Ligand code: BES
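What follows is one chain in structure tokens, specifically the form predicted on its own.
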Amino acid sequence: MKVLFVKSITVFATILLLAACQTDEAPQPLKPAPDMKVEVGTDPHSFAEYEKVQISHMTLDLDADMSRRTLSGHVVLDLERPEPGFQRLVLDTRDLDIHDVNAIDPDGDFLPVSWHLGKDHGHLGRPLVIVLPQGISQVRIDYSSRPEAFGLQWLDAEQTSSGRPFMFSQSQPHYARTWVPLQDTPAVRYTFDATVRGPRDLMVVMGADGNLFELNATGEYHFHMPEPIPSYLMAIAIGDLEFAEIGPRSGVYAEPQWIGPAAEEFDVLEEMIDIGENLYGPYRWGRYDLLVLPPSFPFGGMENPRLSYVTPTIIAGDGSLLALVAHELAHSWSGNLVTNAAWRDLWLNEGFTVYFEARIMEALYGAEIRDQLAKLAWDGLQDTLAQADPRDRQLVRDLSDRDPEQAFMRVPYDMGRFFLDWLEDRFGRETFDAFLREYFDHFAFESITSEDFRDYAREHLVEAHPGRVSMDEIDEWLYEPGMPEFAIAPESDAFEQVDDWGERWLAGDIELDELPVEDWSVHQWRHFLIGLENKLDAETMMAMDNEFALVEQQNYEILFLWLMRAIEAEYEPGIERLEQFLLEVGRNKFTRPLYASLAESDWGRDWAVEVYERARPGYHPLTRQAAERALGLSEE
């Protein structure tokens, strides 16, 4: 059978044999075939030609070296070949060292193949082009990541609360290619298995089935992801972790310092899952666990299936910041189950998720909290739209010539949510909920475009319930810049009351101790502090601190806003707390505007640069990138 198989290979056999005869002293990639030049594919942020050859399953075998800051080993890719005669596989890589590439023939034997790393395309990395003989449906790639891999953050012992090193991945939007050679586009979904060996005193976890609830003394861990996911949801972390059970299918992993507070803070997690299922159908991922990352994590959360990442900055002690957990859980339906096929369509992930998050928060805490959160989002969105580039002021955006990281702004999140709020208002909640449940069922485990949604909404909403919404109105939401005039602005009586009290205090009609702050929610406090922008001096801030101890706040949302006011007023106790904050916290939501405000002040830029240089080693690359732009240390 082997002889017949080899004879079936056409001109590529000659290429393979010639390449195999290379005798260079240093290992070299095998001689490329003439047609190995490649540019980006259908997805402008990926080189993958997935319409012709597509990954269906991956098997990873990796060793994690915490001192060298590398993952090394191999990946076996199972392939589907819609065009059997198409004889190359193109993968995305960025800063990976490729050691060897082999096809695996039908008998399971290795067959050396010609491969080539294309030119460097900046943030897109380099295409790995592999000659793919006919009859091949598996390839094995031996490789290693580099210490500077953008999608992996390696923390030294002194940068963690446990005093032990820590590593975690951040694959979204296109950083999985920095630790696995693969088709790094949300248009491609695959299942995977993984074996990972790490230090025996640290736990390895992944966004997959197989996470253990206690340390494995061998240091070897095995994982399986039975549901197909896109590459940006690939997740791995290694650290001194403990586990606390919350419900029969939920729990939390964290470093020892955080495990107790985290388990208490997230005690409603199982209830949230039940709410999600009651709204939009079964939770299809088995378990739902959280991993509390070190404070250097650049985001609030990341929705990796089965193991969502969250920042410790949401652990406020009173559950007041659990909207973020509701958001990451909601992604189990919107984003993970039904996924945007490209980053131009990010609103399909995030707009749906913010809407779903609001429904979970309403079920848990009532319509008043929902409305407060909606009003904060609406006000922030108006500011964003006023300042944004015109091409970024609509839901469907052209990102073809830009880093997909630029997709992540308020517009796809909040404008997408208000689009769905508007649809709910026009069709009624009962009808719209039924539509969403059917939508998640219909597109389950698929990656879709805005046009797929548009066609589905036309058939199942517009035409099924005539006279309520026109396709022209839907298209205005999707493709026209700015909020439509017919959008529905949220209102909150609770904020109006705060505004009234604030105006009376600023006018000198009442004293600080007369403000009814004991009745205010965290969101009312946030609204109050936002409204004080450029209205405070250092003396007034001192009086407020004496009354409310804001500089000692443990709620990071309130503390962040207080520090923003401290920069404006040059309030010394606030600046002292700001320095500590910037050295401890790497969440972009906080660090970027703080550095930007310092850079714009008359006094703060040089000080901010000095603080940044000390904080930089503990920041994620994304946080460094954003901070350096804010400080004018790098170009936009």
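Being a predicted model, the structure only gives us computed values, none of them experimental. All residue numbers are counted from 1 along the displayed sequence.
We do not show the form predicted in complex with the ligand, though everything after this point is about it.
Contact check for Tyr413: a heavy atom falls within 4.5 Å of the ligand in the predicted complex. In the predicted complex, the ligand sits beyond 4.5 Å of every heavy atom of Ile369. Although the partner is absent here, Arg587 is a contact residue: one of its heavy atoms lies within 4.5 angstroms of the ligand in the predicted complex. In the predicted complex, the ligand sits beyond 4.5 Å of every heavy atom of Pro295. Contact with the ligand in the predicted complex, defined as any heavy atom within 4.5 Å, is confined among 319 to 327, 192 to 200, 177 to 185, 245 to 253 to 319 to 327.
A single residue from the set Glu350, Glu265, Asp345, Asp289 has any heavy atom within 4.5 angstroms of the ligand in the predicted complex; that residue is Glu350. The contact residue chosen from Tyr439, Phe299, Tyr143, Trp285 relative to the ligand in the predicted complex is Phe299, the criterion being a non-hydrogen atom within 4.5 angstroms. For the partner-free chain shown, Glu405, Phe408, Tyr413 of 392 to 422 come within 4.5 angstroms of the ligand in the predicted complex, judged by any non-hydrogen atom.
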